[in-house]
Every structure is written in structure tokens, then in C-alpha cells.
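Shown below, as C-alpha cells, is a lone chain in the form predicted on its own; questions about how it binds or moves come after it.
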Amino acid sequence: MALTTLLFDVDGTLADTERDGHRPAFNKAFAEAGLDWNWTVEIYADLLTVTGGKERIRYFLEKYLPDFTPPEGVADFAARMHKRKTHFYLEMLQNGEIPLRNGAERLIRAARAAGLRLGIATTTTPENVTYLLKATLGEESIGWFECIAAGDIVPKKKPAPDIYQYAMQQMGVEPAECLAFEDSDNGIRSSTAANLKTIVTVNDYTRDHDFSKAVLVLDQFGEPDAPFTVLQGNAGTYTYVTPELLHALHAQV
């Protein structure tokens, strides 16, 4: 079956949102609430083993502050903190403080021009996705993606395959005609569990994850004047991700 559809993760894949976006936004929410918590780069690396912002807050309390008992209960506290974190994160997006990763915009535009269908499968909130797209690609870019599967729209978050299965169901496509783009262990476990061939672009947080099931692992999407580095797999003579490279990878057995 020929390649027809590209399904993108967002955080860490399309943009380096984790270290310089979500993490400082969480810290702003904590400070606003009068909490002296500081999620350092190192602590956040540990928290990233859990998917979902509310889930990370609960994991943080269990592991680092087991004696902390919020008056409204842990679940409601996590939801309240996450809501404020999202507020600060969206402010950063609106201010253009979080750019797309190198080569991401070029690839998205080239894929559209080549007639490939686009979808998003992510654990971040729908608002985070739409604000990022609008801030980096313009208002019209929301319509470029036939499905934005995000947040709590499915019962189980990554590494469960639910979000990819939902996106494919909404778009009416089969795994055999798709490629997924991920950046993390939880992400590729999710995509491969949904029977999707997966391309990985690592970041500082995920460079050491197990990507043995990926068809190609790169340090970035690359540009003509800023080529990618192949960390695993074979990109042939290509030096940046193009629709032609994606068709070639998809055709591999």
C-alpha cells in the first residue's frame, strides 16, 4: 500500500517544547500558587517518563513530595496547576518564544505540496497544538491537518496506541499507508503498537532512548544548508527529510 498520510507527534518532535516551554510554564504556575518548587532540567527529564501534564504533577508528588497533601485532593490540585501551566505556556506560544524544530516547517509544506495527508497524534492539549501551529505557521495551518488528536480524547495516553488509532480512524486510513514521527520512548512504543512505521527525531531529553523499532533515527528534520545526522537506519543520499525520502522509507519491508 502506498504512503498517503503523515502523523506527527508535537512536543519534542515538531518543536522543542518540553525543556524551554512546558517546564518553565509549570514553574510559573507553581510560583503563582506560592509554591517554592523548581522543576530543573534534570527533574523534568525524570518526569518525562510519564506522559501527560496532570500525570506528571501526580508523579512528582508521589516521588519527590510524598508528604504534600493539597486541601482539594491530589487529582483536583493537579488539574488546577495544569490549567494555570497551560495559561503560561500559551502566553509563551503567542509571544513566539517557541519555534518549530529545524526543517519542520519545510517538511510540512513540502508534504502538502506532494499531496500527502497530515494528522497529529499527541498527548498535549488541543489548545497547545493550535496555538503552536498558529504562532509558527499562521492561522490557516490549522486546516492543513485533517485530524488533531490531542489530550484526553482517548482513555489511555502514550505509550498506549489509542491516540494513533483514533487519528487513523478519524481520517479513514490504515497503518500500512501511514508514517509516524516521534521523539521519545513512550512515543515510539505508542506508534509501533499501532503498527505504524516510525521516524524519530531525537532531542536532548530522548537521545538515549531505545529506538530500535524505528525505520530511521535522526537528530533533526534538516535543511538543505543544515543537514541531519543519521543516528540509526539508512537515509541513502538524502541530507534532509523530503517526501521522496519518506516514500522510500515507507516502501522498505
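Keep in mind that this is a model prediction, so the values were computed, not measured. The numbering used is simple: start at 1 and walk along the sequence shown.
The following text describes the form predicted in complex with xylulose-1,5-bisphosphate, which does not appear among the structures shown.
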_Within 4.5 Å, heavy atoms only: does residue 192 come near xylulose-1,5-bisphosphate in the predicted complex?_
no
*Using the partner position in the predicted complex, report whether residue 44 sits within 4.5 Å of xylulose-1,5-bisphosphate, counting heavy atoms only.*
yes
*Answer yes if any heavy atom of residue 101 is within 4.5 Å of a heavy atom of xylulose-1,5-bisphosphate in the predicted complex; otherwise answer no.*
no
_Touches xylulose-1,5-bisphosphate in the predicted complex: residue 82 (any heavy atom, 4.5 Å)_ = yes
*Any idea which of 29-37, 194-202, 49-57, 209-217 reaches within 4.5 Å of xylulose-1,5-bisphosphate in the predicted complex, heavy atoms considered?*
49-57
*Going through 123-155 from first to last, which residues have a non-hydrogen atom within 4.5 Å of xylulose-1,5-bisphosphate in the predicted complex?*
123, 124, 125, 128
